[in-house]
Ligand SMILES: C[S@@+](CC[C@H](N)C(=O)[O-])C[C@H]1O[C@@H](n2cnc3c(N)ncnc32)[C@H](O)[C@@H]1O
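There is one chain below, alone, in structure tokens, taken in the form predicted alone.
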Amino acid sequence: MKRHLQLTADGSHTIQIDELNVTYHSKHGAIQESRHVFIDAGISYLHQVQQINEYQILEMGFGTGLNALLTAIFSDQMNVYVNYHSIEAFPLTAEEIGMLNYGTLLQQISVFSQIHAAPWNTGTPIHPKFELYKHHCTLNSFNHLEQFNIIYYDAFAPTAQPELWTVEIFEKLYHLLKPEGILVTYCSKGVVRRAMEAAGFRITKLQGPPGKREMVRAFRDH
């Protein structure tokens, strides 16, 4: 798949895949979208509700590493420990990573470099409060015995990868969550919400990031 760099409205980069007609992040602002969907509606929300000091996070779609970087920043600022697992079947090349400007814009060049330098399929401490485990695999082949507090669901849109938005996929994700855990995603299409509900999730629609009307926070209640 051919990929190329694109500048988004907040000055941060994204990557576009022409043949799928998708980008890794919103053209309205990559950093502000990730912050809104995964930090503000995800770990920040759950930390306010649960007030615990350690979180297990699963991300579907490591991609550019932006969500991991923002979560590493949050864990350091809020003094909470995060064990962060991320799934990626098609990692970016070193050349593509080198063009991304997130580390510069967020004044976290060293942390961003460490996140991408971390080897695949093993745990790597990025800083004392953030450990990263990058899984080079598909979601279907991912197996993990422990459960997670939060799932960042950042797969490509259902129009590009419908196989990642099925009832069967959400049943797997439901069982990967701890009771009272949450899944957050930018996608709020009716067919996606119905698949989540069929898998057992309780759905809440939230205001979306700039350029998108709604997003979803899904709960595993028990």
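Quick note: we count residues from 1 along the sequence shown, nothing fancier. Source: prediction; values computed, not measured.
As for the form predicted together with the named molecule, it is not shown, yet the points below apply to it.
For Leu66, a non-hydrogen atom is located within 4.5 Å of the named molecule in the predicted bound form, even though that partner is not displayed. By the criterion of a heavy atom within 4.5 Å, Val82 is excluded from the residues contacting the named molecule in the predicted bound form. Not displayed here, the named molecule is approached by Gln161 to within 4.5 Å at the level of heavy atoms in the predicted bound form. The closest heavy atom approach of Ala94 to the named molecule in the predicted bound form falls outside 4.5 Å. Contact with the named molecule in the predicted bound form, judged as any non-hydrogen atom within 4.5 angstroms, is confined among 103 to 111, 143 to 151, 121 to 129, 82 to 90 to 82 to 90.
Ala155 is the sole member of Ala195, Ile39, Ala155, Leu46 with a non-hydrogen atom within 4.5 Å of the named molecule in the predicted bound form. Site annotation in the predicted bound form: the residue of Leu173, Met60, Ile182, Ile57 reaching within 4.5 Å of the named molecule with a heavy atom is Met60. Of the residues in 198 to 222, none comes within 4.5 Å of the named molecule in the predicted bound form through any heavy atom.
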